[in-house]
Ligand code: 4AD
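Here you get one chain, nothing else, as structure tokens; it is the form predicted alone.
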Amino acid sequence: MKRTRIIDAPKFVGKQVKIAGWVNIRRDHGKLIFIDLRDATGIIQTVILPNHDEAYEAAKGLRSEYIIEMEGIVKKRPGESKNEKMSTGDVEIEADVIKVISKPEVESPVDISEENLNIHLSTLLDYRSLTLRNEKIKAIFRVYGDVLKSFGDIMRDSGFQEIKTPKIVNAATEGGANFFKIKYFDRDAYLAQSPQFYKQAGVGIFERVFEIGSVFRAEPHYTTRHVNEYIGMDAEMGFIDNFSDVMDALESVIWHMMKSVENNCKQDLLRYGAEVPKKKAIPRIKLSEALEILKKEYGKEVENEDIDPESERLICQWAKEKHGSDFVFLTHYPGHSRPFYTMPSADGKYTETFDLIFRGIEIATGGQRIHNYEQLVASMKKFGLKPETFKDYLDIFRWGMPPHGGWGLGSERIVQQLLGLKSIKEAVLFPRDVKRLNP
């Protein structure tokens, strides 16, 4: 008999099926044994009656996380109470055959059948291959998967060519020291901080490009919003009039992603009591104006015309109160806080750049880039960089480039803020931070 997935069980009411998966939990009620069986598509309740002798004896020995195969009749569950937590909550299987395929070799340190794993973050991550089996935690990555898919879909539909860029590079993209140095045969190399240079090269080839890929940052952070390897959703577009075109494109992408998650992940959102933001124009304010708002409304002052995590939270609070928006664009960051390839504003002090803040956390950075070769070389020197070190990058501009800009969007931060997760590490399958290099 061919295996039936749990999600398809309701199609076979009154028929014999074979299912297979993990024992989520076993419950004994009088002479009846109930097994909640879990596969990749959901959980189903099965009942084993004493008159099925062999199956009943096999069921007595089952424990959580045993991998088993079952055969039985699909039946409508008695009564009107449908279990909404189960994808097939209105049916159950009366099992008459049970076969143990595999069983755990050690006692589980975590009861993953619990709806909420109330355990320390370190425990959650130390036993990651086990804790990821919990239904609520799996929901995070179903949402995550939809975020990635919907981003790719809207980019392709908008005429962006998908590219995959090298993650081993010979120079630090952003300059500075937040890169990982590695040995590449007989010379030094670096893990890419960003696909920025290659995205810009892509504009000269395809005009519009995007990438979903790993980004590495050697920043010794101990926060709930940073990891040292994450998945970036990057894009670059040519023939723009100004950096507002980039914000317009990103705003369209954001709303497409929000709608997709809302439509495709209803049950996963319910598990977290999460609400997807309602579509409306995202307010855009200059950073200098935001700093004035922070000072006037909240008595908050910052140094060096920059914005810290508390300020991001407060300016989002203001955007929610004044504009009813969970998002806000902050624009025109000072030149000293942006990379050398950033297009300066007319006044020379500020830049044609933005950050997109979502419910108190920056999820995207972007703006217009310098496309003129001579201007780019001058900017490098201003930042104390040696142009000869960036010969391959500068070649892109020697051969001519249109006005262009783009963004880098952090996938895990979107998921963290959508679901209200306490740490970004919860939104990473196997996170890497300052202290964690395993599992």
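Throughout, we count residues from 1 along the sequence that is shown. Everything numeric in this text was worked out from a predicted model, so none of it was measured.
Unshown form predicted in complex with the named molecule; subsequent notes refer to it.
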Next item on the list: Decide if the three candidate residues 194, 227 and 424 all line the named molecule in the model of the complex, where lining means a heavy atom within 4.5 Å.
Entry: yes
Margin query: Based on heavy atom distances of 4.5 Å or less, which listed stretch (355 to 363, 162 to 170, 285 to 293, 121 to 129) is in contact with the named molecule in the model of the complex?
Written below: 355 to 363
Next item on the list: Could you tell me which one of 327, 179, 341, 198 places a heavy atom within 4.5 Å of the named molecule in the model of the complex?
Entry: 341
Next item on the list: Name the single residue among 310, 245, 219, 297 that comes within 4.5 Å of the named molecule in the model of the complex, judging by heavy atoms.
Entry: 219
Notebook entry, point to check: Do residue 413 and the named molecule come within 4.5 Å of each other in the model of the complex, heavy atoms counted?
Noted result: yes
Checklist line | Touches the named molecule in the model of the complex: residue 408 (any heavy atom, 4.5 Å) | finding: yes
Checklist line | Residues from 307 to 325 in contact with the named molecule (non-hydrogen atom within 4.5 Å) in the model of the complex | finding: none
